[in-house]
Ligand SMILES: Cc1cc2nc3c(=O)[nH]c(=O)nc-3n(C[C@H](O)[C@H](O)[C@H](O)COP(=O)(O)OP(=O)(O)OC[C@H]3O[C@@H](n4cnc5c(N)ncnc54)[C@H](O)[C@@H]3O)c2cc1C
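Taking the form predicted alone, here's one chain by itself in structure tokens.
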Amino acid sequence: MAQSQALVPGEVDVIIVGAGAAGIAAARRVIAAGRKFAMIEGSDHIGGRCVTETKTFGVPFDRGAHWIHMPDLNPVVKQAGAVGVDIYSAPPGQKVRIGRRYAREGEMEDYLATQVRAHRAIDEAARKGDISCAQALPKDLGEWQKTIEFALGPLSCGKDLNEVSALDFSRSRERDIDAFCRIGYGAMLAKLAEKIPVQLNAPATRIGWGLRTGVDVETPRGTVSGRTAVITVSTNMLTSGKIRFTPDLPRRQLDAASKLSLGSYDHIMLELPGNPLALQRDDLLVEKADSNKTAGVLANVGGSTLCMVDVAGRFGRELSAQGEKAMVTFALEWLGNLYGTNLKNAVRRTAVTRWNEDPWSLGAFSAAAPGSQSARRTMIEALNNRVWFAGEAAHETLWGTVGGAWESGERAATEALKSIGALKPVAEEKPVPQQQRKRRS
């Protein structure tokens, strides 16, 4: 894993705050330019919200990001071959449970057609303005209403659709082709950070960006000084007051971070030996829901006996706040009702994530509030041509993804290097419009 180092003495070219995907990408960019940097991380591990754990079950499971969207284009996957990481395609499609049976062919066609109509309605609304996705949905979704609301909202965005900008949703790049990493997405990210020196357990407490000569970042372990800085902490961290900025962070950036607040998305991991649900490896399952108290399932993760039950949005946030016992109880009872099986006697070990309580992230991933898609562009702006923000929230089309965080980290580091003359400016290319297609639910 990355090397934990003492704070770098003297001034560096770039200070990188945060060792998640954006921070790692930024560090690699600075290293490639042959410049000096210091990376500090508040937690005891690298990876941020993309971290793999093996201790609980003896096999890897991703506590945060797990789905590798669009692997052929994903910037992290492009680096995977160099570190010998095995990526494999996710099974196509998904299963839908209706009561205690699976949806029949005609029912699946109806569900998928309804989902396409919902996507088109959101895209059409986004062309006219920036209302909520809930307002944009057709009013005649009928018996699939709750399922569509869950699949497009909590399961895709970490928020209910009334909290999500239709324009933000519509501009998100296609995520219908997916893959997984055999050792875990977080483990792959850690491999890409193996040669990067980082100071762990060193949270930034104050960032001074109004200096004439550069930037100072204070931590409990000391202060590091640099000519520029790339800040990769989450939007919720920026608005929490845990990091003091001097001078104060401009209202423009604070408002943008607030409008890009993190949604709630957690995993409930169940070890189910003997495959009592008779599901295949990496099967994706949702139910035909009649309320928001529902979940998504990824079964037999990576060929293991682990079942990943995902809860998200408002219901997921409320459930997570009740603690691990309540989360596991819900997952066992919910799955038991769908399959008519008493899973309490079948389950062995369990584990849950509670990202809203994580002191270094305070949530899962960003989704723009209605009318606030432009906040992502604001997050990309530089402060005093010395400080740049990076992370999934600072990407206009790949928000909520590790790939988006990575690209934003590379961008921010490139801009920081240009500002000190370490890179020659290049003519900016005009973006090529991309056809917008439906998201994977």
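Not measured: the values here are computed from a predicted model. Sequential numbering from 1, following the sequence displayed.
The form predicted together with the named molecule exists for this protein as well; it is not shown, and the discussion that follows is about that form.
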Partner contact check in the predicted complex: of 133 to 141, 326 to 334, 109 to 117, 231 to 239, the stretch with a heavy atom within 4.5 Å of the named molecule is 231 to 239
Does the trio 122, 166 and 315 actually contact the named molecule in the predicted complex, every residue with a heavy atom within 4.5 Å?
-> no
Taking heavy atoms only, is residue 209 within 4.5 angstroms of the named molecule in the predicted complex?
-> no
Could you tell me if residue 57 has a non-hydrogen atom within 4.5 Å of the named molecule in the predicted complex?
-> no
Hey, in the predicted complex, does residue 265 get a heavy atom within 4.5 angstroms of the named molecule?
-> yes
Is there any non-hydrogen atom of residue 150 lying within 4.5 Å of the named molecule in the predicted complex?
-> no
In the predicted complex, which residues of 177 to 203 put a heavy atom within 4.5 Å of the named molecule?
-> 185, 202, 203
